[in-house]
Ligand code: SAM
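Quick heads-up: it's one chain on its own, the form predicted on its own, in structure tokens.
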Amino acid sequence: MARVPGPITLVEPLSGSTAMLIKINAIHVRKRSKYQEIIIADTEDYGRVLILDDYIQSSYHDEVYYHESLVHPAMITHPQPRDVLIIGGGEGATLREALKHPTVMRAVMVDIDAEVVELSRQYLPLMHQEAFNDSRAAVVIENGLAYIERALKAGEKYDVVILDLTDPYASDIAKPLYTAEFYLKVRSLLREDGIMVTQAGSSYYFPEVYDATLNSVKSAFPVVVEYNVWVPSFGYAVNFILGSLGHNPAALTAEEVDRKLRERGVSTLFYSGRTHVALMHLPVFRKVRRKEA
């Protein structure tokens, strides 16, 4: 571990004209992989963090808000999620949450960057919590689009696809995975009652990119639900877009969600029936435009 000799501040961009200043107490890893710069550090307010190309991806103190909101609405909405595909999520927390559901027989996590996965195994144990070693889990180091194309040719099918990607505006790696063409391929990979969910960046700071993603999902799925949750280390409410071939998460009551969580023995720190209903009904955050008087 590299102990910081003096005050070091991470400047995390929120948009092209706004940034957050985050105090770093210690740096464990800083290296450039084939695809991106990777930093694992300890911060004053968020604990240990994974930073890719200047953007915090996960932090010990608030990652449950992100990962539980990404994973469980789709998993609870599906009546029997057996086969789950995760694209991205190199720190293993999304895999961790999906594997909480005992219905899951197979969870495949595909990440393009082997170094993110290996460094997360070593330095982020509270993120993955040994999910990588679960007998139901398979970790594949490959481009997500290439994996899906290969899986389609092989005739594979999944019940839930979770896209835990870097933001389309933060890195070139994930941009092809936010297009209408890609979502149509995901749809083809799903069983007839399948569900897909993707993180979608910030509708407040990047409305054009968000709307393009939303419209792309709508072009591929008959049921589309958008929701968001505040993540302190991101500095904004992160958006999620869920596309379903039939089941509607917005139709579930708090009682139904809590019953399913109990029946499956799923333990969560943030997500619950009341949280689910709140996520489904809270409008997404957008800039309010007012005319000058």
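Numbering starts at 1 and runs along the sequence shown. Here the structure is a predicted model, which is why all the values come from computation and not from measurement.
The same protein also exists as the form predicted in complex with ligand SAM; that form is not shown, yet it is the one meant from here on.
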| item | value |
| --- | --- |
| Contact residue in the model of the complex, chosen from 214, 220, 104, 110 - any heavy atom within 4.5 Å of ligand SAM | 110 |
| Candidate stretches 139 to 147, 75 to 83, 152 to 160, 183 to 191 - the one whose heavy atoms come within 4.5 Å of ligand SAM in the model of the complex | 139 to 147 |
| Ligand SAM contact in the model of the complex: residue 242, any heavy atom under 4.5 Å | no |
| Contact of residue 131 with ligand SAM in the model of the complex (heavy atom, 4.5 Å) | no |
| Touches ligand SAM in the model of the complex: residue 36 (any heavy atom, 4.5 Å) | yes |
| Contact label in the model of the complex: residue 119 to ligand SAM, heavy atom within 4.5 Å | no |
| Sequence-ordered residues of 147 to 169 touching ligand SAM in the model of the complex, heavy atom within 4.5 Å | 164, 165, 166, 167 |
